[in-house]
Ligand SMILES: NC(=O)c1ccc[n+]([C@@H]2O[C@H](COP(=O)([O-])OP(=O)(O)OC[C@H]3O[C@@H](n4cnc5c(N)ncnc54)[C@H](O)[C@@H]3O)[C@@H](O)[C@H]2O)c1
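Starting off, we have a lone chain in the form predicted on its own, written out as structure tokens.
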Amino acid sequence: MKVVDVNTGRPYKVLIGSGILGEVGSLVKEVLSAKRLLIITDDIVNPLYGGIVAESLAKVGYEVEFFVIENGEQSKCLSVYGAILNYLADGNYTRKDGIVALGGGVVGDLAGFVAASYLRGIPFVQIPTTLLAQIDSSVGGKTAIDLEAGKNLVGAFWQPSLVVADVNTLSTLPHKEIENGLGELIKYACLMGGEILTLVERGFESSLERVVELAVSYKRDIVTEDERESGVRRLLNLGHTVAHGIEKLSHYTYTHGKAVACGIMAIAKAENKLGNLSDADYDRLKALYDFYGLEYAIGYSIESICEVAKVDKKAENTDINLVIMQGYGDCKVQKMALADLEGYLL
């Protein structure tokens, strides 16, 4: 089992291994003295892993209950968030109790925000079961829900007490979820270059634990330096300005990772056109997308995406903090006028 220590204001460990889901009770017991735990999961993950997690937690003395949501981005909303809060309040959950997020990014974001806001904060544990969640969303303390106006517009920074990533859970993912995670995985390959880029180009499935460890370690370093996203952490938004526009315009029928993949390619194309990203690196990126069969055509007008960008959380009045790519391991944040974004992307 690999261990990545995240030294934020509330330090915690990310545990990465194969077949460790059955040990989750003893692992959680080391960090949480809670009496009761509410497992928040979805209707696809629950039949697969809810039983083994609940049994392991009960075995070490926890009282366990479930709140099961519908799978999909549509559940990351005010009404579901409110229903969970009411469930906790009606059940007299206290600050001595806790929450377990069992599932992908939607479950983790939603459960984390519930934990951040109920009684002004109760502990929670992340058990990510998708590629996207294991390499990205379960680490770093970003929690949020969506509004009609846009994605992740209401949330809080609230670090988990522990993250347990069992890579064996990735074997049950449908192709759509693998594709979803690949968008974020390619993001890390672009940001970091080096070993992770090589492993992804060879086929990440043959080195799952190492790939997850590399991505988590990079994010750990970024988050440790900039926990509240006021500086270097903005690099993790590579591709996300375009992605959030695509997601909203598609009514979230595009998965987050697929939209990020489209967003990264849009940035790479723009920088290549400007002469800032070499033809060799641009072609290498396209070859990587082709290797995994990832489509990168946006499918929506640049004008409509730029309209959505005006209410994106990365926007600042008339400007937006855009992450650009000028080479593998050579990405940076560039402030750009929203009025210039359309021309840049065309």
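None of the values given here were measured: they were computed from a predicted structure. Numbering starts at 1 and runs along the sequence shown.
From this point on, the text means the form predicted in complex with this ligand, which you will not see here.
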{"property": "Contact test in the predicted bound form: Leu48 vs this ligand, heavy atoms, 4.5 Å", "result": "yes"}
{"property": "4.5 Å heavy atom contact, Ser161 and this ligand in the predicted bound form", "result": "no"}
{"property": "Gly183 within 4.5 Å of this ligand in the predicted bound form, heavy atoms", "result": "no"}
{"property": "4.5 Å heavy atom contact, Thr169 to this ligand in the predicted bound form", "result": "yes"}
{"property": "Interface stretch in the predicted bound form with this ligand - options 89-97, 69-77, 197-205, 113-121, non-hydrogen atom within 4.5 Å", "result": "69-77"}
{"property": "Triplet Val106, Leu173 and Lys219 all within 4.5 Å of this ligand in the predicted bound form via a heavy atom", "result": "yes"}
{"property": "This ligand: the contacting residue among Ala243, Val125, Val212, Leu132 in the predicted bound form [heavy atom, 4.5 Å]", "result": "Leu132"}
{"property": "Single option in Val60, Ile44, Leu288, Val31 placed near this ligand in the predicted bound form, where near means a heavy atom within 4.5 Å", "result": "Ile44"}
{"property": "Residues of 150-164 having any heavy atom within 4.5 Å of this ligand in the predicted bound form, listed in sequence order", "result": "Lys151, Asn152"}
